[in-house]
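First comes one chain, alone, set out as structure tokens in the form predicted alone.
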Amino acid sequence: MALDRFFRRRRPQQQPGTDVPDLWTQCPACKEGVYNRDLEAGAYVCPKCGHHIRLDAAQRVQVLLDEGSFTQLSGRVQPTDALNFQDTEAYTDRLRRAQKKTGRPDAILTGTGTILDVPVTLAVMDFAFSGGSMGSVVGEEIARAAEHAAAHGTPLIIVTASGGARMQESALSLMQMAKTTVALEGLTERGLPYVSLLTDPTTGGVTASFATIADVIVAEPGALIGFAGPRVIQQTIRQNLPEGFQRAEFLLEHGMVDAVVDRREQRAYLASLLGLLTRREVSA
């Protein structure tokens, strides 16, 4: 018995602190494993079921913009706890944890770049930072991005991924709905296009403000888009909701969005759209 135990094959154990890269990602929809290189090459869309996996802000920039064209604008504004808010923990502790997780000050990344050589100003919300909630910094960065686009004569694209207004900032967060809406008027005055790309999920005060007032509203397949959540609506009206309610395809059918575009086709679609709106030739 002692010899049996000695010669028995043992599974290699990962030593604490060793850096072993993750090579596979499990699709949250079909549960199939996808090789990460294949996933990245396919714009993080599952090749087996077509599910659009959620992206962080950096991944979104990588998918949308021409390689090496991105220049960051955001990052100089830091969030503060003006209300000394505390529920189960202090707001400052929540902020520090989210900042450590994402490596950015708040739930937004803005900058400039090109899409198939078409210059754009881009703002991307990061759902990994407190559910992409909109606080004062998010509102300020979006307003600055809109002002930059207007000043430099470039189209503006905002990619949304948010649970809505940030409750820890109370009325200060709700004020960002008005602030961002007013800031976008500068683009209208300059005759510059504003395109909104709604991703999963886009809800709450973000949906009720800048996300749905764009010249063209594009959504990703299967994205949850709405103001209140489906369960809240169903409990309020005490009726069963239609199948696919608040999903991108349902909203397209009912005229709430202009197009539902597969992520793998978004660069070509957006470049063509912006070229048309700005009367600019687009490279193939």
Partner chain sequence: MTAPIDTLKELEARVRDLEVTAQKTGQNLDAALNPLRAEVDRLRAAQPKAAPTRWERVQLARAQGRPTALDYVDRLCTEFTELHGDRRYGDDPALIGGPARWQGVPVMLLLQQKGRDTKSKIKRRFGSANPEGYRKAVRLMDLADKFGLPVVALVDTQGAYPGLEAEERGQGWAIAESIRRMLNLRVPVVNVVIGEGGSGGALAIGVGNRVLIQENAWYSVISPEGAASIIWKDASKAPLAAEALRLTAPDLLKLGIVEEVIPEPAGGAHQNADEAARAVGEAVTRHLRELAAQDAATLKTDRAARFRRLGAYTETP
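Positions refer to the first chain, counted from 1. What you see is a predicted model; the values in this text were computed from it and never measured.
We do not show the form predicted in complex with its partner chain, though everything after this point is about it.
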For residue 241, is any heavy atom within 4.5 Å of its partner chain in the predicted complex, or not?
yes
Residue 35, heavy atom within 4.5 angstroms of its partner chain in the predicted complex
no
With the cut-off set at 4.5 Å between non-hydrogen atoms, does residue 256 touch its partner chain in the predicted complex?
yes
Residue 170 within 4.5 Å of its partner chain in the predicted complex, heavy atoms:
yes
Spell it out for me: taking its partner chain in the predicted complex, does every residue among 56, 63 and 101 have a heavy atom no farther than 4.5 Å from it?
no
Looking at 221-229, 23-31, 43-51, 64-72, which stretch has residues with any non-hydrogen atom within 4.5 Å of its partner chain in the predicted complex?
221-229
Go through 80-96 residue by residue and record those having a heavy atom within 4.5 Å of its partner chain in the predicted complex; state none if no residue qualifies.
80, 82, 83, 84, 85, 86, 87, 88
